[in-house]
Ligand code: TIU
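Next comes just one chain, in structure tokens: the form predicted alone.
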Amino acid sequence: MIRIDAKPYPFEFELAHTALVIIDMQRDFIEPGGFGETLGNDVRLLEAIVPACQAVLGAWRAAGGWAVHTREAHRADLSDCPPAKLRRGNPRLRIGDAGPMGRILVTGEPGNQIIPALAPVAGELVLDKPGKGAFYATGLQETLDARGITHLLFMGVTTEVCVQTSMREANDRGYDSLLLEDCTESYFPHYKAATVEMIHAQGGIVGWTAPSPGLLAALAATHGAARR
């Protein structure tokens, strides 16, 4: 059993029954010229968390942990994208339009790929999700249940939208979830701060939150003990 300090109280999990879920670390949201920037956002805020995410993913893999990567993505014909989602916000470029990195949020396009620094490896699950949450229309719950997963560690973007939605979906399905505070970000930092507070409020109404160094130390200790 691995135990780390967290809010509202320590979070305990077994590595074999826990998945690291990395939400939407894709080029369209993280890199200059992507969809996020066309909406007027400063993508440097999201880029800043990449080193912390890399450190966690590397340590997780070294310890023998299993990871899930999600991408917000739609079929080429947009048949899985509701018209209301296409229209929302009246953006200059809409989902499916040609952008600097190919068609925006379309499966297989360059901008829809996970950034190279966090690229999946063999054996890890990659999910294309048409909604904000990782569970909607993806089959994620069935996969987690088949693997005996009971606990989830979350990182990725954006905190208040796809990350929070996925954690709330997980909570409703009975998973215990922890958000790694320095491995998530928003284009609006005050939204991140409010979301982190909401997640662990009222005794962990949605889940737990903690900075990643505590997890890294715990994984290092566990991995070292296993090697001995």
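Everything numeric here is computed off the predicted structure, so don't read it as measured data. Numbering starts at 1 and runs along the sequence shown. The term rigid core refers to the maximal set of C-alpha atoms that superpose within 1.5 Å between the two forms.
The same protein also has a form predicted together with this ligand, omitted here; what follows describes it.
Does Cys53 reach this ligand in the predicted complex if we count a contact as any heavy atom within 4.5 Å? Close contact is absent here: in the predicted complex, Cys53 is far from this ligand, nothing within 4.5 Å, heavy atoms only.
I'd like to know if Leu140 sits close to this ligand in the predicted complex, meaning any non-hydrogen atom pair within 4.5 angstroms. Judged by the heavy-atom cut-off of 4.5 Å, Leu140 is well away from this ligand in the predicted complex.
Applying a 4.5 Å heavy atom distance criterion, does Glu72 contact this ligand in the predicted complex? Within the cut-off, so yes.
Going by a heavy atom distance of 4.5 Å, is Ala67 a contact of this ligand in the predicted complex? Outside the cut-off, so no.
Check for me whether this ligand, as it appears in the predicted complex, comes within 4.5 angstroms of all of Phe35, Leu39 and Thr158 - heavy atoms only. The answer is yes; Phe35, Leu39 and Thr158 each reach this ligand.
Can you pick the one in Ala170, Val43, Cys162, Ala59 that has a heavy atom within 4.5 Å of this ligand in the predicted complex? It is Cys162.
Choose from 59-67, 27-35, 176-184, 196-204 the stretch whose residues reach within 4.5 Å of this ligand in the predicted complex, heavy atoms counted. It is 27-35 that comes within 4.5 Å of the partner.
Core-aligned CA displacement of Gly89 at least 2 Å between this form and the one not shown: The answer is yes; the displacement is at least 2 Å.
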